[in-house]
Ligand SMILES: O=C(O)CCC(=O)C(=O)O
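The data below hold one chain only, encoded as structure tokens and taken in the form predicted alone.
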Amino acid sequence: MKSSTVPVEPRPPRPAETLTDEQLAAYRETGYLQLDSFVSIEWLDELRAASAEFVERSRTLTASDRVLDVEPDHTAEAPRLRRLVSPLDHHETFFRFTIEGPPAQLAMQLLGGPVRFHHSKLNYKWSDGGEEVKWHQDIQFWPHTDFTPLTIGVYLSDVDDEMGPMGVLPGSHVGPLHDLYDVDGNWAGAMNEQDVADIDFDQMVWLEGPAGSVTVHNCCMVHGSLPNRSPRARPLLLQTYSAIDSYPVAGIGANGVTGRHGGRIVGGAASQMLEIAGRTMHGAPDWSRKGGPPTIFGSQQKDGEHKDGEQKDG
């Protein structure tokens, strides 16, 4: 498996002029996009091969681990995968695709420049009953300082109406933010029955498409999917990005477990400029990957510092 060959620094991607003004306007208005056959066959071949490696790896498991989430009836002879967690942390192909490939370029065009990567996952939705994803919004799982985060999905195989394609409710990204706790106050990760009953399913758009198709949905979009009743698995590779000046709120939901590349800037560098309640500040450098900040004394007295504020060893 190539998982030990993840590069330290990928080539910086350049925003690709792949969307029309009409498509950009449609995303802002409806909160989603679907782009059929957006990913090349060359990329698809690489992604499928990488995905197949983890299916084989799953045969050694009797229960889920930190990398692979499997269904309760998963066996070595009949594997049933639900999710590969943080694919780009475990395979060089997923890393290149997410950080320099088509989804990174698409995110930069949608968000108008360099972006901040948040997390990725590969949902397999196995054949013959692969589990549903109940109706929900994403932002409650990992709140940010704004609502720019978006998730880009890539179909690794053809998806039809038997396979439980994702359904999105156009315009719901500017509607209410629903409580995803149950009546007893426990986290459920899904909308309650009353809120679901208010959904006009006649307005729901079911995102079918050929292999290589891409879906985009805003973090506030109401969405979900039905069980996969077909004899074919429905692998969907998902990656989430936000605007470069959008920050995950620490200590809430999945923001602390996004993988080792969570927060990576794609296509540029962070300026550390923030605007909060109409006031602008230039924040300190990011010390999270440099072993901790210098003391205030060392910073102010310039004791053995690098230019970015990180102290030298010793």
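Computed from a predicted model, the values in this text were never measured in an experiment. So that there is no doubt, residue numbering starts at 1 and follows the sequence shown.
The following text describes the form predicted together with the named molecule, which does not appear among the structures shown.
Only one of 115-123, 193-201, 180-188, 97-105 lies within 4.5 Å of the named molecule in the model of the complex by heavy atoms, and it is 115-123. The three marked residues, H144, T258 and R264, fail to reach the named molecule in the model of the complex, with no heavy atom of any inside 4.5 Å. Interface residue remark: L236 is counted as part of the site for the named molecule in the model of the complex, having a heavy atom within 4.5 Å. Shown alone here, R83 lies within 4.5 Å of the named molecule in the model of the complex, counting heavy atoms only. Residue contact with the named molecule in the model of the complex: L156 places no heavy atom within 4.5 Å of it.
Among heavy atoms of M166, some come within 4.5 Å of the named molecule in the model of the complex. Residue in contact with the named molecule in the model of the complex (any heavy atom within 4.5 Å), chosen from H74, H173, H90, H223: H223. With the partner removed from view, the residue among V216, V133, L110, I244 that has a non-hydrogen atom within 4.5 Å of the named molecule in the model of the complex turns out to be V133.
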